[in-house]
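One chain follows as structure tokens, the form predicted alone.
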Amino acid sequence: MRVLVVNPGSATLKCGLYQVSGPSVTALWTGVVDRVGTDTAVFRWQSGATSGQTEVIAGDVSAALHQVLDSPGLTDGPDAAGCRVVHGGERFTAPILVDAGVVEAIRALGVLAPLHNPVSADVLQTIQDRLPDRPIVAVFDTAFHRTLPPVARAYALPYTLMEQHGLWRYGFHGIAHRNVMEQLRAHRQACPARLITCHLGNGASVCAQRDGRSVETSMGLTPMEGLMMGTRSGDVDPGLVLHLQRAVGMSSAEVETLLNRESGLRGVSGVSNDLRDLERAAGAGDVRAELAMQMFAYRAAKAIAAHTVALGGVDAITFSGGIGENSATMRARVGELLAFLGVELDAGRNQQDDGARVRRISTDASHVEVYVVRVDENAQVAQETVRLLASSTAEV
């Protein structure tokens, strides 16, 4: 089956056409539109050894999708479409076939994910309009964490309030965490019983998995909870939010912008949210850039250590995401802080990238296996789309 996968962000659209045959997923064509909503939006695509790039007019992500669907690489058309959706709330705990009611329910969940769900709803509507005779599946980032036990899912708030308003820890990056686990299981021919997956990038989260099921994760009601990220603060004292509103005079919208877009690596360094920029700045003596990197590593290691509580220890740790996959320096920083758990990275393995999708970077003597896994969310969405459609056909 040929599946069009659409992975929308607030200012970026990633997409691809995949051939799914059983467990095998092959990318036939991939594309990305960057800087959506600006005058310099760029559409880059690749099909086999052929690639191209062009400037496009894309005022929003849906407009960018129209550009994608008009691409020559998609002239034959897909058999189905799958779309990544960040927040499924309490209703969507598994992939689902999309209809008008599902689109509106996803839009309504924008109250919990204002930067993501409204965009996903617009994208799903566009796919429906452009591919009216194709089945469309929504795959949710929160769905993988539906197995969180009550002790991990609840906040220490009045229980009736949480029930009334759906104030639970939902977790995010679930598609990525599941993809990493499945790749590692295939590589080792077995899934570690106690696995901690670390998705480190502009967005970052940690997930504790017991026998391939999520039992704890660092993100909560929204993607703002947990680790320090590229522009998000991660965990802060709730009293800080109140102080910013009462004493500093910031509005709730201004606080949201501060914590979502102006904090994290960018906020502490004052340089950038791109780790490569910080490494160059720190190398030139920038103290704040160095502090930002130290904080990122420290908080990641602290979260990994905390997640061992949910598992009663840890057998394996993985690094994925833009930082986790590409920064040997950051992996080394985190590994050093976890030495007390028996983590021992091999400096040569950590530095050398042989292009493998899964590679071990810990020493043979390390008490905890450590891997770098090149996550592929789009392939995971394609696979889950086909699984749902196959099960729906079987039920009929």
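Sequential numbering from 1, following the sequence displayed. Remember, predicted model here, so these are calculated numbers, not experimental data.
FYI, the form predicted together with a small molecule isn't displayed, but the following is about it.
In the predicted complex, the small molecule lies within 4.5 Å of some heavy atom of S327. When the small molecule is considered in the predicted complex, Q183 lies well away from it, no heavy atom lying within 4.5 Å. In the predicted complex, at least one heavy atom of G321 sits within 4.5 Å of a heavy atom of the small molecule. Although the partner is absent here, R276 is a contact residue: one of its heavy atoms lies within 4.5 angstroms of the small molecule in the predicted complex. The single contact residue among P95, G220, G201, G234, judged by any heavy atom lying within 4.5 Å of the small molecule in the predicted complex, is G201. Here the chain stands alone, but in the predicted complex its contact with the small molecule, taken as any heavy atom within 4.5 Å, falls in 267-275 among 267-275, 160-168, 282-290, 87-95.
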